[in-house]
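Before any questions on how it binds or moves, here is one chain, the form predicted on its own, in structure tokens.
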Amino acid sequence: MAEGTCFVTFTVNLQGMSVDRALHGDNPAKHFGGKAHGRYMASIGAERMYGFFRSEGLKTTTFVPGWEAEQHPELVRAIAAEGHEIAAHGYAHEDYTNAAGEADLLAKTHGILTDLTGAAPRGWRAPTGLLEHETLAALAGLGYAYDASNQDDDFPYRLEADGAPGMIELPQTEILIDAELYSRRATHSKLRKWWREEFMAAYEERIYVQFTLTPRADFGSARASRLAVLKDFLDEIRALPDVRIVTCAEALGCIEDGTLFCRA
């Protein structure tokens, strides 16, 4: 077993109707009935999920789309007030590959979140997982410190070569994103098994580990039964020696003090 600390971050993509609007536009008929999963986030999903975090004393990094922040400003303020880090997640679930007005959208969401919380977000995640060097350069120009979109390493790395001097990538892993598994109809037991296998292998090597949760009804973790799975898994992680749970912003501090490895 490797020595040292295994750093773990729990992140949330605060996705609700921004996803549905990106798929169906403003047609209200598409936002009701059996496919109205995005409405769950604001009706009960976020309330239950952040209540769980409160009871567990767990602080997350929450990636917020600008449009969701406009629709639910009190929710975003409440999340920030409870000590969760607020980071940016695009404006309305657009992809960032030659998107028209990309820099304007980045600046728009940056301003919305800054005005709502009183603090400029330090981190960003691509809404659809797609971005380009120009995206990172624009983020660096706005003062961002990190991106958390890519899945190309086991450890944080610096983004100078990708056009964003001063920024760091905090990579995620597809199998540790609840939406990737629940959208494929994974059962609770399968998710629990896959997450445990992935985490324990990472723990053995003291790899940086990032989980991603979503408070939607379809592919999210805010259903009571799914939070029970998360509770069991969190208890198991916390029982292990040398595990430290940090927000993305705290991970940057650990990189700065040399306790968390970062590739040049």
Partner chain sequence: MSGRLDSGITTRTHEWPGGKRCVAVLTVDFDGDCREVGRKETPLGKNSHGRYSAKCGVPRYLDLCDELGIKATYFVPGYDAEKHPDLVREIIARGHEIAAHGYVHEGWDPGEQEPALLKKSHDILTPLMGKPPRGWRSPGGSKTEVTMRTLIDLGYVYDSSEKDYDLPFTAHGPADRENKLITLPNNVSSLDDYPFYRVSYTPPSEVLAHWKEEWEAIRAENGFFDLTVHPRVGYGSGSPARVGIIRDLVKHMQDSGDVTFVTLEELADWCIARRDAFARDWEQENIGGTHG
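All of these numbers come straight from a predicted model, not from anything done at the bench. Numbering follows the first chain given and starts at 1.
This protein has a second form, the form predicted in complex with the partner chain, left out of what is shown; the following refers to that one.
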**OP:** Indicate whether the partner chain has at least one heavy atom within 4.5 Å of a heavy atom of M49 in the predicted bound form.
**Re:** no
Subject >> Contact label in the predicted bound form: L181 to the partner chain, heavy atom within 4.5 Å >> reply: yes
Original post:
Do A202 and the partner chain come within 4.5 Å of each other in the predicted bound form, heavy atoms counted?
Top reply: yes
Original post:
Can you check whether I207 is within 4.5 Å of the partner chain in the predicted bound form, heavy atom basis?
Top reply: yes
Original post:
Considering the partner chain in the predicted bound form, which of I112, L136, I168, A88 comes within 4.5 Å of it through any heavy atom?
Top reply: L136
**OP:** Tell me the stretch among 128 to 136, 80 to 88, 113 to 121, 67 to 75 that has any heavy atom within 4.5 angstroms of the partner chain in the predicted bound form.
**Re:** 128 to 136
Original post:
Every residue in E56, T61 and D235 with a non-hydrogen atom within 4.5 Å of the partner chain in the predicted bound form?
Top reply: no
**OP:** May I ask you to list the residues of 188 to 205 that have any heavy atom within 4.5 angstroms of the partner chain in the predicted bound form, in sequence order?
**Re:** K190, K193, W194, E197, E198, A201, A202, E205
